[in-house]
Structures are given as C-alpha cells and as structure tokens.
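Below you'll find only one chain, the form predicted alone, shown as structure tokens.
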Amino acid sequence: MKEQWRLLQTGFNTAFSNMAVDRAILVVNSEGKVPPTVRFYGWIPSAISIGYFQSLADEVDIRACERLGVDYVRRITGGGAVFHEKELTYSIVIPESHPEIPKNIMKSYGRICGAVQKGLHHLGIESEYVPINDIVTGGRKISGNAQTRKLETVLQHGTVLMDVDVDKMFSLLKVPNEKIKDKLITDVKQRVTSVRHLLGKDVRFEEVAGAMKIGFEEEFHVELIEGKLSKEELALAKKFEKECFSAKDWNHRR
C-alpha cells in the first residue's frame, strides 16, 4: 500500500500569508504532528519575493511596487528575487530523515524537481532539470526552486510559470545599470517561457495543479490525500505573518 501524504490546495493569498503558511507547516511537521505535505498556491496581489540573504533595498523598487499594488516579502529560503504573478507555486515539507529524500542537497533538489517535471509531462511539456534549481524546456526556464533545511525538516518551494510579463517584472526590480536594462529584458524574454507560451492557450490553475498532483505522486510513489491546515498550523501562520513576513524589520533586515 502506498504511503499517504497530505495535499493542501490553499488558493490565492498575499505574499505574507503564503510564506507564513510554508513556515508553519515546516514547524509542525518537524514535531511529527502532520505528515509530509505538498501544497499548491497562488499570489493575490502579485508579489516579489527575495531570498533570505538578499537586500530588499538593492533588489526591489519599493515605490514601483506600492504604485502598482505589488507585495514584497523576504523568504526563509535562499536564492534570488522572484516575481510571482501568473503561476502555480508548490511547496513540499518533509523530514530530512524520510527515505524518499536524498541527504545530499543537490540530489534532493533534483528529486523534488523530478516531481515538477512529471507534472509538466502530464500537461504535454517535456523538460529537464538544470542544477542547482531550475527546470527548463527547449533551453528556456519554466520553473525556479528554492530549498531550506531547518529543524531537521526540508522545505522546498518553487514556481511553475503559467504566463510571464517580463516588462512588468523589470519595472519592479532594480537593475544596477539602466543602460543594460533593455538588453537584460531582451535576454530574459529569450531565456524564460511559460505553460501558455508552450501550449499556445490559457491553462487553468486547477488543471496545472491536477497535473502537479500526479507528478508528485508518481515521483515519490505516494498517494496525496486532500487535507486542511491544522489549528496549530493556522495559529502559527497567523503569528509568523504578523511578527515576521509582514513586518518591516524582517523584510528590510539586510
């Protein structure tokens, strides 16, 4: 009989709520109170998340974000600044000791990205994993991923680009040299793709989530059972959102 993991479909939320929920699941899972968990979610309003080690002031045009009503938040995972708009975001939270998760961080990235690749396959998109944290199709990036390990627990989250507005993204990110901005935009347009671009049609969020569910089940040989956040997770998420992810001290700390 297949091991059963929990599937959470938490819909569209603010950047602060999304990051707080991922952290809350990590804490409660580390205490053995909930099973390994895969979550699918989206972002309303659009947002920019920055990596744990980045400087918000260096990376993000805060005035532009405020003018356009775009959230900005610091993740607990590393990596670079990411613009979240028309995408499905997944997260997986699982003990480091779980036999399905390689101890080696590079190998664990590849294993989890394998689930996303299988999900893309079910949408009719063939892709490959490019270490350390990208998934590409036809040489163009369709998914970026970030991982952290805390409390002997793995959290990895990542994007599946359903559509992408590169011009809007660069209106929100700071580019050190304005002269090279146009070239950067052109380069990124050539290096990034999306489900909509590849399939030539709009695909609903629910359809992408359904394909990703199958991908995770196939990669990890498990059954994903739809569940809900526990009361403890909800309370912790509320706490983390207030004290951390929506707090100026956290987001501007570097």
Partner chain sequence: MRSQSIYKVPQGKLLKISVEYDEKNNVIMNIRITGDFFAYPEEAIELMETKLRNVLMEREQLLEKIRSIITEYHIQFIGVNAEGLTQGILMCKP
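Positions refer to the first chain, counted from 1. For clarity, every value in this text was computed on a predicted model and none was experimentally measured.
The next section is about a form of this same protein that is not shown, the form predicted together with its partner chain.
Peer 1: Among 95, 114, 102, 78, which has at least one heavy atom within 4.5 Å of its partner chain in the model of the complex?
Peer 2: By the 4.5 Å criterion, the partner-contacting residue is 78.
Peer 1: Is residue 66 a contact residue for its partner chain in the model of the complex, using a 4.5 Å heavy atom cut-off?
Peer 2: No, residue 66 sits far enough from its partner chain in the model of the complex that none of its heavy atoms falls within 4.5 Å.
Peer 1: Can residue 132 be called a contact residue for its partner chain in the model of the complex at 4.5 Å between heavy atoms?
Peer 2: Contact with its partner chain, yes.
Peer 1: So, in the model of the complex, is residue 226 in contact with its partner chain at a 4.5 angstroms heavy atom limit?
Peer 2: Result no; residue 226 lies far from its partner chain in the model of the complex.
Peer 1: Can you check whether residue 180 is within 4.5 Å of its partner chain in the model of the complex, heavy atom basis?
Peer 2: Answer no; every heavy atom of residue 180 is more than 4.5 Å from its partner chain in the model of the complex.
Peer 1: Looking at 186-194, 49-57, 27-35, 200-208, which one sits within 4.5 Å of its partner chain in the model of the complex if you count heavy atoms only?
Peer 2: Contact-bearing stretch, as computed: 49-57.
Peer 1: Are there residues in 127-164 with a heavy atom within 4.5 Å of its partner chain in the model of the complex, and which are they, in order?
Peer 2: The stretch touches the partner through 132, 133, 145, 146, 147, 148, 149, 150.
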